[in-house]
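A lone chain, given as structure tokens: the form predicted on its own.
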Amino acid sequence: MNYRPERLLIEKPVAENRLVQRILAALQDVPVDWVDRLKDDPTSRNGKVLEIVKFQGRFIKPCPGTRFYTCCGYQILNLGVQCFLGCTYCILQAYFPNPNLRLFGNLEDMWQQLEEHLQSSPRRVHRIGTGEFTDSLLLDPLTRMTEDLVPFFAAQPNAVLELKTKTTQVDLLESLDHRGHTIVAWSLNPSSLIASEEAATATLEERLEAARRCQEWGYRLAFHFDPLLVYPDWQNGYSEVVDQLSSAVDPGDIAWISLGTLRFMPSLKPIIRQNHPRSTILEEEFIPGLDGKMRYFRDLRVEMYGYLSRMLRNWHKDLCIYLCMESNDIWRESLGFDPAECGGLSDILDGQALP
């Protein structure tokens, strides 16, 4: 997956920044337009234009959970927005009208905010990820951000970095001194769903091979069955994923595995129908959740979580499995316990985070 944009749009205030210079050196023959301030361009073709801007907001924020469901205390480090992998269910289609990939060029502000956050926050453990508004490794061969982030987190006594991806862009990780403070994570789905709903991503086999390589380099792993998607043969499909996972990696190096069924804002439904008319993910019945997002019926969610957790625990009984954005009663019915019984979900994951 060698990404090469057709054009660069760069704001002049970040012209001398390190990220900009790195990208200009790598893409010397790509046309560049310099502007004072970029405006959104909803007519652009997804992925064909790479924008680099001066970000005006906070680089690090808490994950946008809700008081209605159990939240894990995750923190997001935003380095850019948008993605060209084209997953049919992707919430970014509704969040960002501009389809262009956009990187934040003022990384000196990011480093300052990150250091201040780690020094001033009272949290015992910081679990920080870069994969909220883009794929963590999508542009890594171009930006080489892991060469900066991984050593930085290696030096932090109370912080870990999670890189979430659906790609195989892990080559730069091999030679980095991570000291166990970077977790590399993949979203997983059956091969048939990857082909139909995640068509521009790496195949299941490619993702698991990349995970195996990272494990060989000493990285701990994480996997996210999120979104779990209902289709006629979902039990056998997800059973095959667990079988392939168990053949690819050592479960002892897995930090955590999350489970979360498809959920989306009502405004996303017409966008999916327009952008992905051949997708079948909207054919199931949905109801509004307490957070206003559309979800599968409760009994179906409990069935899927229970089925997956049993399959995973049959492979390795000590896996740390958690639910993403579900209520305590769903936890009890599907996993057999309430995270509050163990000090809360945040404490559970904090205990898994550090090597």
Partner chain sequence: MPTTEFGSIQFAEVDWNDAVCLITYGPLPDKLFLSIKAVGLLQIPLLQRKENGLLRIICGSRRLAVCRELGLQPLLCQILPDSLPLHTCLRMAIYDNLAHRRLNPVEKSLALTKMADHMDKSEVIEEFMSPLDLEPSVVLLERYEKLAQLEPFVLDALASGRLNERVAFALTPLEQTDRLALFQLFEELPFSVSVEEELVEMVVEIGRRQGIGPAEVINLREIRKVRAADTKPARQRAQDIRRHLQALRSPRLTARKERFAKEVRDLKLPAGVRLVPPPHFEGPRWNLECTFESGDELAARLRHLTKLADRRKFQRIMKSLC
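Please read all numbers here as calculations on a predicted model, not as lab measurements. Positions refer to the first chain, counted from 1.
Separately, the form predicted together with its partner chain exists; it is not shown, and the next lines address it.
Although the partner is absent here, residue 213 lies well away from its partner chain in the predicted bound form, with no heavy atom inside 4.5 Å. In the predicted bound form, its partner chain sits within 4.5 Å of a heavy atom belonging to residue 333. Mapping the unseen interface onto this chain, residue 289 counts among the residues with a heavy atom inside 4.5 Å of its partner chain in the predicted bound form. The shortest heavy atom separation between residue 318 and its partner chain in the predicted bound form exceeds 4.5 Å. Stretch-level contact analysis of 165 to 173, 77 to 85, 280 to 288, 253 to 261 against its partner chain in the predicted bound form, using heavy atoms and a 4.5 Å limit, identifies 280 to 288. The partner is absent here; in the predicted bound form, the one residue of 300, 311, 38, 63 having a heavy atom within 4.5 Å of its partner chain is 300.
Distance criterion of 4.5 Å from any heavy atom to its partner chain in the predicted bound form singles out 269 from the list 269, 179, 144, 117.
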